[in-house]
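Listed next as structure tokens is one chain, alone, in the form predicted on its own.
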Amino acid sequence: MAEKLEDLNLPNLTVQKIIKDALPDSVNVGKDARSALSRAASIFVLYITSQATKESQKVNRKTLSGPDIIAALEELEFDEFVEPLQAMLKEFKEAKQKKKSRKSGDVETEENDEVVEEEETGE
């Protein structure tokens, strides 16, 4: 576990970017407000992670998965986050699959190039 309580906080730059992206350009957020939002976000993440851990332990797993997080949100009655998270999880899996497909396609292309090169050189 973390040595200090502060080690559990989300990175300040990450929180700043989230705040900036969520608010109009005309809105400024003070340092104390950013700090409070950072701490609140960290506590929220720990709270959800704790419940998701319980969900994974119910089925004797040690690794958290996306469905564990979704189940935790439902269990803790954060239903308004479930649908957007499911959509993001689906997009993530699709992007991961496309990347994997491209990589395997690259390997096949390299193998085909080697075969063509061998045929051209006769080796």
Partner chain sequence: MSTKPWGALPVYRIMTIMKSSSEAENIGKDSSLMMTKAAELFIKMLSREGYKLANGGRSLEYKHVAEVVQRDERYEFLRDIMPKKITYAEYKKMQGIQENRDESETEDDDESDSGTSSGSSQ
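Numbering follows the first chain given and starts at 1. Every value quoted in this text rests on a predicted model; they were computed, and no experiment measured them.
Separately, the form predicted in complex with the partner chain exists; it is not shown, and the next lines address it.
For Gln57, a non-hydrogen atom is located within 4.5 Å of the partner chain in the predicted complex, even though that partner is not displayed.
Although the partner is absent here, Asp32 is a contact residue: one of its heavy atoms lies within 4.5 angstroms of the partner chain in the predicted complex.
In the predicted complex, no heavy atom of Gln97 sits within 4.5 Å of the partner chain. Among heavy atoms of Ser101, none comes within 4.5 Å of the partner chain in the predicted complex.
Residues of 44-72 placing a heavy atom within 4.5 Å of the partner chain in the predicted complex, in sequence order: Phe44, Val45, Leu46, Tyr47, Ile48, Thr49, Ser50, Thr53, Gln57, Lys62, Thr63, Leu64, Ser65, Gly66, Ile69, Ile70.
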